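Heads up, what comes next is one protein chain in two forms, each shown on its own as C-alpha cells, labelled structure 1 and structure 2.
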Structure 1
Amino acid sequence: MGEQRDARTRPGAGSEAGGTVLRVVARELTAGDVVVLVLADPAGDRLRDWAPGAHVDLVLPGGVVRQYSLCGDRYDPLTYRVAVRREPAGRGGSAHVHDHLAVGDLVGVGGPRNTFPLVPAQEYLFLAGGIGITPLLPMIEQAERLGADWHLAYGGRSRAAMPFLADLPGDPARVSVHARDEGRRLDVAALVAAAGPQARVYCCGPAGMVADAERAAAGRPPGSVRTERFSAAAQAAPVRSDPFEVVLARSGTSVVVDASTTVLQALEGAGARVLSSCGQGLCGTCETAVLEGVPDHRDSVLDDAERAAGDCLLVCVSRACSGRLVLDV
C-alpha cells in the first residue's frame, strides 16, 4: 500500500504518539446505511494536520478501535469528517457508531496516520467501490487543485447506495458511475490496463475489487497501483512454524515467539510499549524497524519494495523467516 517509506506517517511520530478526545458536532445518515460524522475539539482548538489518504482511529467503549478514512476538507483546521457504513456481519464497531454515537457525544480519536498517501503525478485513475470512495474524495480535490488529469470510476450496487455520489462532478469525462442494478459492472482490470503509462492508480473497495487491481498492477510500472483494503488480505501459512527469537535492541532483552504468540504479544510481555490499533496488519500503527534478521511480512500495508527491503515489520501480524529478529524497541 505505501510506496515510499518517507511519504508515510512513521510510527512514533507526533501525529501518532497519542490520542485525543473529540466531540461529535454533526451527524447525517446517507446512502441508506452510511453515517457521516463531523468531529471537533471540545474547546475549539485546531486539529492535527493531515493529507489525502489519511485515516483516524475511533476509540469506542470496551477498548474497541476502528479505523476510518478522513473524507472532509483537509484545509479545514477545526473539523474531521468520517463516514461509517453499517456492517451487519462486523464486529460491533460500526453498529455502535450507528446506534449510540450522537451529536454532542465525546469519542476518543487516534492519529491521523497515512498508509495510503497521494504521490505527485500528472494523471490519476481513482477506483472506488461503495464506502471505498471515502479516502479518494480528498485525493480528487487535491488532484483538481493541482491541475492534474484525473478520472474516477465509482462502483456500487445502486446509485442510492453509493455515498457522496451527489457531491462528485457530473462531468462523464471525469466520473463514470458503475451501478450493478443498471447492468454497469466495474471492470477494474480493463480500466487499469487502459490507464496511461504515467498514471497513478488508487483503488479502495471490497476485497475482490482490490485483488483485481493488484493483479492488474503486474503489467504496470512498480508502485504505480496503490490499494487500500477494508479487511486484511488472506495470507499463506507462516514461513516457519517453529519458535524464533526476538531481541529488543534498546534493552538487550530476548524473547521467544512461538506459534501461538504474536510478536506484539511477546514484546508487550517483555514490558515494551508498542503502539498498536487494528491488530490485523491494516492500519500501520505498530510498524517497527528491523535491525537484523528477515521478516515474514503478513500485513496489508507494505508494498513489494518495502517488503523486499526487510527493514521493518508490522508486529501485530508479521513473523520471522530467520531464527532471530533484532527490533528497534
Structure 2
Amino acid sequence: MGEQRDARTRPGAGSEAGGTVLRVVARELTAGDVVVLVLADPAGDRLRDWAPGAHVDLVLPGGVVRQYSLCGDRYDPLTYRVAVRREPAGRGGSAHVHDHLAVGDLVGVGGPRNTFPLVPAQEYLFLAGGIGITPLLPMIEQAERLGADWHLAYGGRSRAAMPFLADLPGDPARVSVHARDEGRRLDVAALVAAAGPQARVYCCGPAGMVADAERAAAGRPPGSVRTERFSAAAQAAPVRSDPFEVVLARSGTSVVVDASTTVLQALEGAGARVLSSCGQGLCGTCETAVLEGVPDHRDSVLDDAERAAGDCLLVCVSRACSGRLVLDV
C-alpha cells in the first residue's frame, strides 16, 4: 500500500496517543506529489525489524490512521522511510502530512506488519502502478541482493508523476516504464502470462490493475501472484487517544490506561502478573484474551483475520478502540 489505504477515522487520535511515537527526521517532496518521510526513535533507539512488503500505521493528528509501506533500508535499524502521496479526494490524512507534518514533529506509529511478504524464488515479476511502487522498492533491493532474476513493469500517468523512477536502474531488461502520456500501456495480463512458471509476481497499484493481476493468476500455481490493494480491510471501530478503562475479569478490579502507559504497565500496576518478553509486539508472549470491548491492535504478530476476531490483545503495545476493555486477567 504505497498509497493511503481506505481512510479510517479515529476521532481524537493524535500524536499524543499512546503507543510508539517516532520523530520526523527528514522530509522531501518528490515526483508525483509525494512526500517522503524519514522517521526515527526520539531517543535514537533501534526500531522494530521489518521485511520487504511491510507497512506501518501512522496515527495522525486530526483523527486519522493511515497505513504506509516501508520503503527504506531494512539494514538501517534506526530509521523508517515512508512515501505519502497527496490524495485530493482523501479525508485529510495525506493533506495533513503534506501541509503540516514537519521535521521535528512526532507521529504515532503502529506495527510494522507484513501482509505482503516476499517469498523465496529465483525469478520475480514486479508490477507497480504509481505510488504502488513503494512496497516493491525493498523487494527489488532484496531480489538484487539474492541474485534472483527480476523485472519491474512500472506504470503511471507520466514519467514526471512516477515517484522513485530516478532511483531505479535504467536497464530496460530490468525496468520497463509504461507512461500513459507516451502511449505505453501496462498490460498486466500479457506480462503475467509471459512470466515463467516458477516466477513469483508481486503487484501493487490501483484497484483495476490489482484486479487484472488477480485474474491473470488463474491457472498459475497457488500463491504465485501476490497483490496489495490500496483499500484497507474495514477497521472494527475508531480508536481513541483519551484514557480507557481496562477491567481485570478474574479479580474484578479495573484500571484506567492513559496515553502515558501501556496496557501491560497498567495491568502490572493493578497487581496482575502478565508475562511478556520482547515488549515490542513482536513475540506474542503477552497475548491476553479479550472478553469484552474492541482492541486497537498495534502489534506485528496478528494477521488481518486475527485482528478482526478481536478476541485477543498483545498488551505490551496494543490499546483500545472502545472506552472499556475486559481482559481475561
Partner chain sequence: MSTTAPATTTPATTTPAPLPVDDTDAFGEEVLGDPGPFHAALRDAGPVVHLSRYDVYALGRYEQVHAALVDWQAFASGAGVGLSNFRREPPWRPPSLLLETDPPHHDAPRVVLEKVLSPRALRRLREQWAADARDLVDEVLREEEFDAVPAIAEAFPLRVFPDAVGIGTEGREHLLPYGDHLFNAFGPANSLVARGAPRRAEHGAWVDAQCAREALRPGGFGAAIWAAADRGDITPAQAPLVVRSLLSAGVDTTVQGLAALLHAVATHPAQWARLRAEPRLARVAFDEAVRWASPVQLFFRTATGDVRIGGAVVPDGEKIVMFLGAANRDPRRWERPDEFDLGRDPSGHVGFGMGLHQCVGQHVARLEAESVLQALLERVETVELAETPRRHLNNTMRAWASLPLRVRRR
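Every residue number counts along structure 1's sequence, beginning with 1. Fair warning: this is a prediction, and the values are worked out from it, not measured in the lab. The term rigid core refers to the maximal set of C-alpha atoms that superpose within 1.5 Å between the two forms.
Structure 2, rather than structure 1, originates from the form predicted in complex with its partner chain. Once both forms are overlaid on the rigid core, the distance between the two CA positions of Val256 between the two structures is 2 angstroms or more. Remark: with the core as the superposition reference, the CA shift of Thr30 between the two structures stays below 2 Å. Once the rigid core is overlaid between the two structures, Gly44 does not reach a Cα shift of 2 Å, moving by less than that.
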